[in-house]
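Here you get one chain, nothing else, as structure tokens; it is the form predicted on its own.
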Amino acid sequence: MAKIKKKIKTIKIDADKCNGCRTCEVVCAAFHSQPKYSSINPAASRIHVITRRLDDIWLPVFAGEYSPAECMGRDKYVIDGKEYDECSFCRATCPSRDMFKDPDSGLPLKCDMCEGEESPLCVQWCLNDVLIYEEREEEVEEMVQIEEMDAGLASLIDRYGLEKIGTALARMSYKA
């Protein structure tokens, strides 16, 4: 396998600077509305500010990968004398909470770094420099890309078996 350079985009969060203004949520929701900037529904945002007002905690969390099952972790963390549970830091969309799900369809959301923009809008609009956009290049091993048709056929073969798929393809070729 050959090594290639891949651009990695990340957003670093300095939670100590966050005052909970939620501008990041509003601008994200506006950017991802259809058509763009036509409405603002913070539930559709790909970033949410987790708050505990009595403890003066404001923690921006971005939508990450979808998880089809609840995690088994229910650990508690104590940081600077304040207690957090694992869900507080979790970026996944999962069945155990409504966070990072489209309010209309219920489909999982994932941060796309405001694709097409110079940098994510939440970073551009953050007045306290809580969110810092970073790009870096990493060398990664190049994976052989499986064509979509190959992946689909492999899935069908796994599900129905090679013989049934072959029979179906033969029937289809006679009709054509």
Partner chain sequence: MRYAETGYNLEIDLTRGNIERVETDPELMALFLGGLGTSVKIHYDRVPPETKAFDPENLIVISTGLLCGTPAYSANRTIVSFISPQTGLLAYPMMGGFWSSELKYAGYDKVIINGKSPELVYIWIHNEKVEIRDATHLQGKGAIETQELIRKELNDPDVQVLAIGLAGENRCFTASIEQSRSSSSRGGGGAVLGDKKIKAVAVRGTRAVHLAHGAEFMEHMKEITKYIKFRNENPIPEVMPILSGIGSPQMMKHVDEQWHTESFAWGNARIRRKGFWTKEIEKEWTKSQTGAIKRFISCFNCPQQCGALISHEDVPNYMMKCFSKLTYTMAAFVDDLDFTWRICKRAFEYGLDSFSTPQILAFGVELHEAGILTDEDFAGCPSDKEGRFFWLLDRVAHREGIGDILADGTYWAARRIGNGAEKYDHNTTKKHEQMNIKLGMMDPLYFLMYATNEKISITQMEGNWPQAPFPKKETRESFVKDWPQLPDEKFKKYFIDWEPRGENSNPNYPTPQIASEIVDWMEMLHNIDDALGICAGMGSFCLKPPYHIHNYPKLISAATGMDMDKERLRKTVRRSRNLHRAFNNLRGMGRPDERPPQDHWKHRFPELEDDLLTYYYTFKGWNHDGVPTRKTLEELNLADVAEDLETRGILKDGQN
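Numbering follows the first chain given and starts at 1. Remember, predicted model here, so these are calculated numbers, not experimental data.
As for the form predicted in complex with its partner chain, it is not shown, yet the points below apply to it.
Residues within 4.5 angstroms of its partner chain in the predicted complex, judged by any non-hydrogen atom, belong to 38-46 and to none of the other stretches in 63-71, 38-46, 106-114, 133-141. Contact check for 10, 13 and 90: none of the three has a heavy atom within 4.5 Å of its partner chain in the predicted complex. Not displayed here, its partner chain is approached by residue 19 to within 4.5 Å at the level of heavy atoms in the predicted complex. The closest non-hydrogen atom of residue 56 lies within 4.5 Å of its partner chain in the predicted complex.
At a distance threshold of 4.5 angstroms between non-hydrogen atoms, residue 97 is out of contact with its partner chain in the predicted complex. Contact annotation: residue 127 falls within 4.5 Å of its partner chain in the predicted complex, judged by heavy atom distances.
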